[in-house]
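Have a look below at one chain only, the form predicted alone, in structure tokens format.
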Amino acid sequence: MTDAIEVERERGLLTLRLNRPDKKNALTRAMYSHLAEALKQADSDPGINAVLITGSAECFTAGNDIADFIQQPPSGLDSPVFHFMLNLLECRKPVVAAVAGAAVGIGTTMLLHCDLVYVSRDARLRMPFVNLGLCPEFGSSMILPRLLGQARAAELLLFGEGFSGEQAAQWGIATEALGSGEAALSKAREMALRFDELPAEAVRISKQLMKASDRELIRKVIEEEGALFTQRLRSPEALAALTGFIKRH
């Protein structure tokens, strides 16, 4: 595993920690590849009962590493970012997320596919896809209007409006908002370890039943969004916006 992804095993819990603090845990192709492989292995390991995805108590992730993204943009569904998306979507084990600080872009949309999400109240979530000349991804164009209603989803996806961890919990994007990043990480670990005490096959079947009705539709939406997203990456709008972002940062 790359040093940017720390992997820890505690009893039946596999923790995947984003560890690139100098870049606010921004995700690279290599990090997506390692996350995808870790999820795949956890899914087939009978000794793993749950997966926890987290960053630090100060930052979850700033989203894609824009420079890495421009240098090696995803070219299709065989790209590392889509491997990660589909392995998270298809994971049969419960996936828990602990979020503090920034959760930008895919840092927010991945939460829509986790089973339990614990956030700090002051976490800052945002999906600035349109602001960067891009379009929504990871099924968010379908899931968010269903979850929040068309009007609020439009604010978040068309304007890229930010929202707090407390709002995320009120809106059903997160399970619970806690008073600090440390509290969110602690609660997420506590709840993830509870799966060690439950019949593993009953948990797996129950998750399968809850996800079954929408899984194929969400996969189709992810593929459609992905095709448009990769097209947008080559557009003059996106190139100008992304280049401007790099200059500002």
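Note that residue numbering begins at 1 and tracks the sequence as displayed. This one's a predicted model, so the numbers in the text were calculated from it and none came from an experiment.
The form predicted in complex with a small molecule is left out here; the points below concern that form.
Contact with the small molecule, judged by heavy atoms within 4.5 Å in the model of the complex, is confined among 190-198, 42-50, 61-69, 208-216 to 61-69. Of the candidates P128, P74, G139, P94, P128 is the one whose heavy atoms come within 4.5 Å of the small molecule in the model of the complex; the others do not. A heavy atom within 4.5 Å of the small molecule in the model of the complex is found for one listed residue only; from A168, L156, L178, L132, this is L132. Mapping the unseen interface onto this chain, L111 falls outside it, with no heavy atom inside 4.5 Å of the small molecule in the model of the complex. Taking the partner from the other structure, the small molecule in the model of the complex has a heavy atom within 4.5 Å of a heavy atom of V104. Heavy atoms of K23 reach within 4.5 Å of the small molecule in the model of the complex, making it an interface residue.
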